[in-house]
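Okay, here we've got a single chain as structure tokens, the form predicted on its own, with questions on binding and movement later.
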Amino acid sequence: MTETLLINGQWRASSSGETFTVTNPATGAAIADVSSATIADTQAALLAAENAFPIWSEMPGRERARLMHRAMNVFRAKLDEASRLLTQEHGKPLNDSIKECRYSADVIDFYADESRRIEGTHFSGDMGPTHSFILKQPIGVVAAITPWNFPVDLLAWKLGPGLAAGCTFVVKPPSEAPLAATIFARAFHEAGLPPGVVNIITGDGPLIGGEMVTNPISRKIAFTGSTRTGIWIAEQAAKQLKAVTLELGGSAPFIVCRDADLDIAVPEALRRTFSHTGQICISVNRIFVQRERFNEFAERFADAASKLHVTADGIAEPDADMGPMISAAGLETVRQHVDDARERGAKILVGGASPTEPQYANGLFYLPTVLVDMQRDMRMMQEETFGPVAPIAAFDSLEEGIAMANDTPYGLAAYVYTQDLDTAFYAARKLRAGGIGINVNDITDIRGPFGGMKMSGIGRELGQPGLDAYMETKHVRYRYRTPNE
């Protein structure tokens, strides 16, 4: 599987012949060898996208929509293969992989239809016989760099609106999990999109990602990943005034008010904390419970967490609750955060260690962990843990709870559970996050914008704003002659 580079409609190996190995984080076993692209390969892919741009951007929206829908028909025929590969390379249970792949295809279909509804506006001039037209046109070549936690889904969030707008792409899937994403991107090629519209390169992030960002051919960078890398991308893009969409880190608070229905709040907090082993940018990172309900919530939540099933084989146990961490570095961060909290006085109610059973011996596992007696200066209260850890702290007034929730550099998602409408609207206004869930633990919907405030990013994906992010707005002002002239 070494010919994983798609450049100008041709599958090829790296020009250097070098490869890297993708491994299963649950077992450590090798899955596949993948081409490691060079800077020359990356430049060739960018040039191919540049040459394809006039063809794709000038193609009628109806035709772009037809090809995008056809691509998803191709992908859905391979959905089982892609889902199994996703579970092997990522570790998530198979049912979660299937859900991701299905939703990714839905995103493309949604934006395929939107390609026929790209509209500008017009208005009469107020200074003589003039009229103005506002045109929306594709921004150009897009460099799309995607993360390992949702390698297919978050690629769809970029390809869907970008292709609908008329942009062409160079895609870099994550090195940790490039296989399912490559199958997804391959579907566009097999559906008959013109060569060069979607190009795929795999390999070293700093090397080829750096070329994608700094090469003048790319006019937009669409990136999902760490805040640290996002800041570097923003700095480099600014030097050439490139457009960016950056979806970065998060530290989502989950606020439980005194009137919350715990029959709803507990299982939804549990799912949003431990799903995908806590490796989601909108995972619950901190739980704040109004003091009157603190003990009840903590006891029920810890009891439920202790019953979660961690699988060492996500294909054999497709409905398991969680699998391994994706990397040794991520696992070490979790351990450091838990150790820091324990040393500063936190009490561990559940977990706090890796499982010891033989089936977990070769993988990157950590048990679902719940802590109380949290302090503001503990690392997991300030940093993104990105793992299966739930620190719970108490608050008295709603104002105090919101202040604690906002006490972070990040602002991607926040959740509030209450049965009072005034409380809900007050929290929605005061929380500094790009997405607010009121009595719901998922803020994503294809039709609504997704993105963060503060250090969680710039720009929005999904919805109409997600489509607009791939277009330039052009004002055309026209002076016309009157019949008497």
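Start at 1 and count along the sequence shown; that's the residue number. From a predicted model like this one, the values you see are computed outputs, not experimental measurements.
Not pictured, yet referred to below: the form predicted in complex with a small molecule.
- Using a 4.5 Å cutoff between non-hydrogen atoms, G209 counts as a contact of the small molecule in the predicted complex.
- Not displayed here, the small molecule is approached by W148 to within 4.5 Å at the level of heavy atoms in the predicted complex.
- In the predicted complex, the small molecule lies within 4.5 Å of some heavy atom of C281.
- None of the heavy atoms of N95 is located within 4.5 Å of the small molecule in the predicted complex.
- Looking at 346-354, 395-403, 237-245, 139-147, the stretch with residues near the small molecule in the predicted complex, meaning non-hydrogen atoms within 4.5 angstroms, turns out to be 139-147.
- This chain is displayed alone, yet in the predicted complex one of N295, N73, S226, Q359 has a heavy atom within 4.5 Å of the small molecule; that residue is S226.
- Of the residues G249, P388, G91, G162, just one reaches the small molecule in the predicted complex with a heavy atom at 4.5 Å or closer; this is G249.
- Across the proposed site, K172, E384 and F450 without exception bring a heavy atom within 4.5 Å of the small molecule in the predicted complex.
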